[in-house]
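As structure tokens, one chain now follows by itself in the form predicted on its own.
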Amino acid sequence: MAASRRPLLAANWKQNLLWQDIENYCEELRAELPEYFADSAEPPIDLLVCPPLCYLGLLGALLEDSHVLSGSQLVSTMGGGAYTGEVSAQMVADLGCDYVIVGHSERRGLFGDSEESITQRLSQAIEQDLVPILCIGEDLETRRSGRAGEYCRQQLEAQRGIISGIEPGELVLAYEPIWAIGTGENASREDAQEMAALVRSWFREHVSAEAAEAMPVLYGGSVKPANIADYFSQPDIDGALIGGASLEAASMAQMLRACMAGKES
């Protein structure tokens, strides 16, 4: 891992947890990871929590005195205006968020997010100084056909116009093979490293060497305490985007400690 890239563990709660659950979670996280709540230097690994949109304010208040970062699972394709039910990037930024997830496979598959709408969401996030976590990944049929690399390069190419203008270090890329999300299946560490290296190579060729080296690449797909260190040990993987295993604070803390131990070894 390049010295300029900060490792990142990102919790994506999806449509889970209620008000009291979140209060309990933050209280337990404070007990499990006191260094993230101390008035001291930043811990060596960034910890990010992305709750449902309606709880962003609550989470921000509970984590106000901590080193734990907050992010949104979504922003609108549009700015403010007469768009009933939408939440703009400006609103998310106003709540103190640092990051936003864009292009997650569940948004693509379940809600019809096209490459065009992903470009619009990226644009809105960048305009408000939010760091996008751009998700890419292939389905099982594509993986079995040997076209996973080609498929992911096409997803990157579709966003080339917008991501080539992002300042180095202001974009995170998450490789999430669709067949591994929420299935209990996961890519081998070798396969994950191969795809992370492919992504970095694409950025080096089509954006810049500086952008390629500054960009954290995360792995996502059935990440849990038992396997996270395997991924984190790979040279081009800088952390993880974690779904189900992030819903318990003790599990999240366990994964963070496993990565810290790997970083020190």
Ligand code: 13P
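Computed from a predicted model, the values in this text were never measured in an experiment. So that there is no doubt, residue numbering starts at 1 and follows the sequence shown.
What comes next is about the form predicted together with this ligand, which is not displayed.
Put simply, Met252 is far from this ligand in the predicted complex: not one heavy atom of it is within 4.5 Å.
For Gly221, a non-hydrogen atom is located within 4.5 Å of this ligand in the predicted complex, even though that partner is not displayed. Among heavy atoms of Arg257, none comes within 4.5 Å of this ligand in the predicted complex. Heavy atoms of Gly182 reach within 4.5 Å of this ligand in the predicted complex, making it an interface residue. With the partner omitted here, the residue from Asp191, Glu170, Glu106, Glu86 that has a non-hydrogen atom within 4.5 angstroms of this ligand in the predicted complex is Glu106.
From the list 201 to 209, 38 to 46, 57 to 65, 222 to 230, the contact stretch for this ligand in the predicted complex under a 4.5 Å heavy atom rule is 222 to 230.
For the partner-free chain shown, nothing in 55 to 73 comes within 4.5 angstroms of this ligand in the predicted complex, judged by any non-hydrogen atom.
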